[in-house]
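First comes one chain, alone, set out as structure tokens in the form predicted on its own.
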């Protein structure tokens, strides 16, 4: 019993002590009890009691640690019941404590037998009348008692909010008027552990009455879950019980009598008799045919035999194209389509007559506004079927798709070209006009030194001018019948030799000029005369008997020799083009009407003429030697063929795509080619890139007669057209083959007059300066600087 008294003292002290260490210790014990792995921990008797207390608290859930200790004490007392072997003395002592006291006087506490102070479970107090009053100790239910589900002390504060007790250590009073102490709250670490180790049934709520954490049982949690899910709270309740069939669905025909109805029950209907008579009368009059005629039956049979195919039977639905545009909706009706439109929308008599006279296709509207007194008087729309059909046809035959509109600035599509002012120098103005020829000036050429200009015209004369002053210094008449078609200087500074073609004759001459010294004149004459000795003593190619030679080399006569014309070469047809080789010993001539002998190569040092082509596909228009390599280019009407003079084979066929090639020129670097045509086009070719034109330019309204590159290293080229203009271009060819040529039109020169639809016929560049000379059909030659 002494052990019990000690426990009672501890019971009175525990509720008043709110030590955080004890609470934390209790929490950690609970945590450690879940691990069940305390092999290193040795518990004494007190620790065992505490563990039992914790087990009791886990089973009851709402009692304090002190109540658990009382339950343990009571459990120990209940376990002290002696057996038969313990003796009668212990049994008698137990009976004394268990017997109920006898009540002698009603309303007065019975007298108890004297027992020891240590064994008394009551105390004697005086009441208000001065009498004795026995106050018994409260019996705490233990683990083995039947009152383990008893609730803790109820808070009797009523409707008073718990916020009023925030400043007090208690939260209310129980039924006996005792203070209910506030449950201890853990520190930050305990709150963290509470958030990590959530006990079973934890809700995070607080009981309003007790202030303790509100934990729910499994049954209560299941009830809350079912309510949240919209289910019936009672799991055993069946919301859809089986229906009880009060009537069967089987019909059983069980007539009361199977006898037929008597005739006396039949009453004929007069209304039906009238309808029958109407049908009979209609059949007699032929308005109703009881049987279909044979023709109609045959037609129906044929229609039944016809097979109709469903075009859309196997059509599978497809997702709408993201670029699909839905069909536009019809516009809403206006005032003129109303059944009661305003007066200003109604047509007059003249407007109605005019509308009726027009054809349906020419009418602005397919209807005329009409006015009706009421909506029920409006007739059906006569054009509804036609209107719907046209609408369906529009939707079927006019599919729509959304196309993104490109917002592109037109100026951004143009190539970014440098400004012409940045590409100077190039010719811009006419400096000198050379007049003296009668008729057209067909050809011009500047000598390699850049001081003399040679011209040839329709008057059959060749004239030599001082380039800067425009003064004529020499002239010779080669023919009175034929025009001088072309003049070209020999491309060498060690001589002063000019070649000119008039009709079928080619003349080689040494003109007199202020810059020509006697030694230079003699050297030039020796070069021309050297071929005569070779022709006499050298080895000539034998000519077949009866075959005409390719050309005849001879002296022109005393009169022309005195004027400086030293050699005349006669070929088979009229010569239009002369082109010198870069070394000056060979030159090629082209006679477009010469057929097989249209192209000839002449050797000056041997006085020899050769026909390189036995058969040429197409009519030859012009020819030229490559400026660096042993290549020979021949242009027909549509193509330009390149031949290797060493290997004597065809190397390349350039296809400009022009209808009729007029002339071409090769860039000094030898990798690019420029072609002019009579169909107003200028075509740039990159020989290393393709046989098709790299760029096509159209800057003239008439045919282009001639095109020339500058030979002095300047990135310039020019063309001459029948519209009387010259177009100057900046054409730079980079050394890097990965870069494209830069072609920029910089200037259009106007000065020549158009005569009989002929403008500028020939053009030539100065060998060093950015100057050019043009020959016009107006009988003049002009120097542009």
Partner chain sequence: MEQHTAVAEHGAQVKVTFTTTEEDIQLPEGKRQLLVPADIRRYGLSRILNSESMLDTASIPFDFLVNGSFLHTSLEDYLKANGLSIESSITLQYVRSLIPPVYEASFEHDDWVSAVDVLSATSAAGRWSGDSFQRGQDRILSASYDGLLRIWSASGHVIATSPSGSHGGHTASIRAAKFLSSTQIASAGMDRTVRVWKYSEHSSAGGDHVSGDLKPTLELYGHAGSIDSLEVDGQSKRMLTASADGAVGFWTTSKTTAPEPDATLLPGAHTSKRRKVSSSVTTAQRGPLAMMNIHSAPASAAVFDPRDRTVAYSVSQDHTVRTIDLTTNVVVSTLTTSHPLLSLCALARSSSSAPLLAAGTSARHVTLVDPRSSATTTSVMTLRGHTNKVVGLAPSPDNEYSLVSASHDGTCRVWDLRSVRPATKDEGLGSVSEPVYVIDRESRQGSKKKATAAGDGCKVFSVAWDKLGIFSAGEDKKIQINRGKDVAV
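None of the values given here were measured: they were computed from a predicted structure. Positions refer to the first chain, counted from 1.
Absent from the display: the form predicted together with the partner chain. The rest refers to it.
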Would 340, 346 and 368 all count as contacting the partner chain in the model of the complex, using a 4.5 Å heavy atom cut-off? no
So, residue 585 and the partner chain: in the model of the complex, are they within 4.5 Å at any heavy atom pair? no
4.5 Å heavy atom contact, residue 653 and the partner chain in the model of the complex: no
Contact between residue 640 and the partner chain in the model of the complex at 4.5 Å, heavy atoms? no
Mark residue 616 yes when one of its heavy atoms lies within 4.5 Å of a heavy atom of the partner chain in the model of the complex, and no otherwise. no
Looking at 504, 671, 458, 521, which is the one with a non-hydrogen atom within 4.5 Å of the partner chain in the model of the complex? 521
From 393, 282, 468, 224: within 4.5 Å of the partner chain in the model of the complex by heavy atoms is 468
Taking 4.5 angstroms as the heavy atom distance cut-off, pick the stretch from 332-340, 436-444, 468-476, 169-177 that is near the partner chain in the model of the complex. 468-476
